[in-house]
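Shown below, as structure tokens, is a lone chain in the form predicted on its own; questions about how it binds or moves come after it.
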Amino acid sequence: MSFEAKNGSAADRLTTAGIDVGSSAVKVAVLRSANESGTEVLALRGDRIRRRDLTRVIDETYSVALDEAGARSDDVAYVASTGEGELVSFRTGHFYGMTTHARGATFLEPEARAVLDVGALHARAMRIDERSKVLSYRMTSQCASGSGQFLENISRYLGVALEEVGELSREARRPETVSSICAVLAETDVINMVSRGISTPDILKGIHQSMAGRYIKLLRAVGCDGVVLLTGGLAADSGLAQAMREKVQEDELAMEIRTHGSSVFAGALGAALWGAFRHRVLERRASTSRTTGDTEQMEALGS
């Protein structure tokens, strides 16, 4: 799978990996780039943590990703971590999550000028430029009823798989909106809805509408307009994306909400891309230093 043109000779190609350690899942991206002019995605791999030993999940997910990429650990020039990446013992370097999601967003969607990263514990809105530079950002609190963990708790209570939430939400006819921003109180609201006989699709659409309103407010607070790419664990939730598009249309905003098939891997992709960039910068500096040293030595011998 390739998102950018592949150029350069085989000798110029550089293999890097990005490991995004989140609160509920570990995502790995293995890339091959050539002279910064083209990048090929060799493998994308994600695995839920599910109360397992995190270091083991990291090691296993990375190992499987390398197998899928047809690469060995020695082939990887730079391993970049992001998120809670301090537990990646074999990392070469670490990058902040906002930096990696911004870079991953422009890689997946070059027109993106804003990113909404919706994770398990919080969401963050970022306004970015064409170079992936973060210009401003805002985050929700961890207790807000707009996180991936909250939605997972609700889906579990309703007896539906998290992967089914989006499609069910889009089947709603009379959505029942959850008004509380407190996750505990919002879950109580859902329990009351079930006791009143509100259908599962209407409950889920109501939750999505509540989340959409909060996220659009977050995006507006940082001055976002134009193309907004959803990233993070909930980027694959088609019901949430649809609710956000409806809210944008309702408020007549100059935003376009987009998703990508690999949006959940934006952090890992961005880490791998920044890793390739940093590796090349360090290589150039080392080369310049060696050249300067050789010149000085030759001048000393000739004097």
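One rule holds for the numbers: they count along the sequence shown, beginning at 1. Source: prediction; values computed, not measured.
This next part talks about the form predicted together with a small molecule, which is not shown.
**Q** Using a 4.5 Å heavy atom cut-off, which of 71 to 79, 128 to 136, 90 to 98, 115 to 123 contacts the small molecule in the predicted bound form?
**A** Selected range: 115 to 123.
**Q** Which residue, L31, A243, V28, L234, has a heavy atom that falls within 4.5 Å of the small molecule in the predicted bound form?
**A** Going through each option in turn, the one that passes is L234.
**Q** Taking 4.5 Å between heavy atoms as the contact cutoff, choose which of A172, I198, L162, V222 touches the small molecule in the predicted bound form.
**A** Residue within 4.5 Å of the partner: L162.
**Q** I'd like to know whether S287 contacts the small molecule in the predicted bound form, with contact meaning heavy atoms within 4.5 angstroms.
**A** It does not: once the small molecule is placed as it appears in the predicted bound form, S287 has no heavy atom within 4.5 Å of it.
**Q** Quick check on T15: any heavy atom within 4.5 Å of the small molecule in the predicted bound form?
**A** No, T15 stays farther than 4.5 Å from the small molecule in the predicted bound form.
**Q** Is L151 part of the interface with the small molecule in the predicted bound form - any heavy atom within 4.5 Å?
**A** L151 belongs to the contact set for the small molecule.
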